[in-house]
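Here we start with a single chain on its own, the form predicted alone, put down as structure tokens.
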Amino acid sequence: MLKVALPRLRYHPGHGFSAGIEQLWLEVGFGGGEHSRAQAAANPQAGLIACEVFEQGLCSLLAALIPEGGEATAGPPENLRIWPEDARILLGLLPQASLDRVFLMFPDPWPKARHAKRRFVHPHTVELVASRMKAGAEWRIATDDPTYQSWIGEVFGAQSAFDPGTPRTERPPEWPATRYEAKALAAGRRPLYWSLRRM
């Protein structure tokens, strides 16, 4: 699957999507891929680049998109492409002010203070993401980890590129549910949901 199907669905900077795509969206760390698939299916006008570095997640998404035996022939979705490397590398390749929406759904918590630099929400990364987003574009973030929740509040409270607003305690109805969110709720953890607007 990875050797045959992934190259066909891989995003290539500079080539973009087919005609009819009006917006460019990015999901960072798609996990099992259910959120990326739901967003792509519900928003055919948006070209979604789904980023994931772990093989298990890549295989899960590919298996859901490509029927068994169709690795070399099945037509991929017109508006969904995969980036199997660090999302920060891709961000460095994208044009400035090109993204209309970014998703970071339940990222790895990295709870220890010495791991802070590994978190995607980091002052340097926020600056990079901001440079690639259009004015008024939306960055959606969700996490159930209390350490990450506090960290997000700290990082976005110290910057001026995004209007941090107030996180919601309930998932907005237009946000697709994720498997990880369901596990968090079943375990009694309470997620927070941010909708951050690029100033």
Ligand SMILES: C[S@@+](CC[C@H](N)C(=O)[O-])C[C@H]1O[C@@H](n2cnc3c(N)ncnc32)[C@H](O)[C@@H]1O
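A residue's number is simply how far along the shown sequence it sits, counting from 1. This structure is a prediction, so every number in the text was calculated from the model and none was measured.
Omitted from view is the form predicted together with this ligand, to which the following refers.
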{"item": "This ligand contact in the predicted complex: residue 175, any heavy atom under 4.5 Å", "value": "no"}
{"item": "Interface membership of residue 105, this ligand in the predicted complex, 4.5 Å heavy atom rule", "value": "yes"}
{"item": "Contact label in the predicted complex: residue 29 to this ligand, heavy atom within 4.5 Å", "value": "yes"}
{"item": "Residue 17, heavy atom within 4.5 angstroms of this ligand in the predicted complex", "value": "no"}
{"item": "All of 53, 85 and 179 within 4.5 Å of this ligand in the predicted complex, heavy atom check", "value": "yes"}
{"item": "Per-stretch contact check against this ligand in the predicted complex, the hit in 156 to 164, 64 to 72, 132 to 140, 29 to 37 (non-hydrogen atom, 4.5 angstroms)", "value": "29 to 37"}
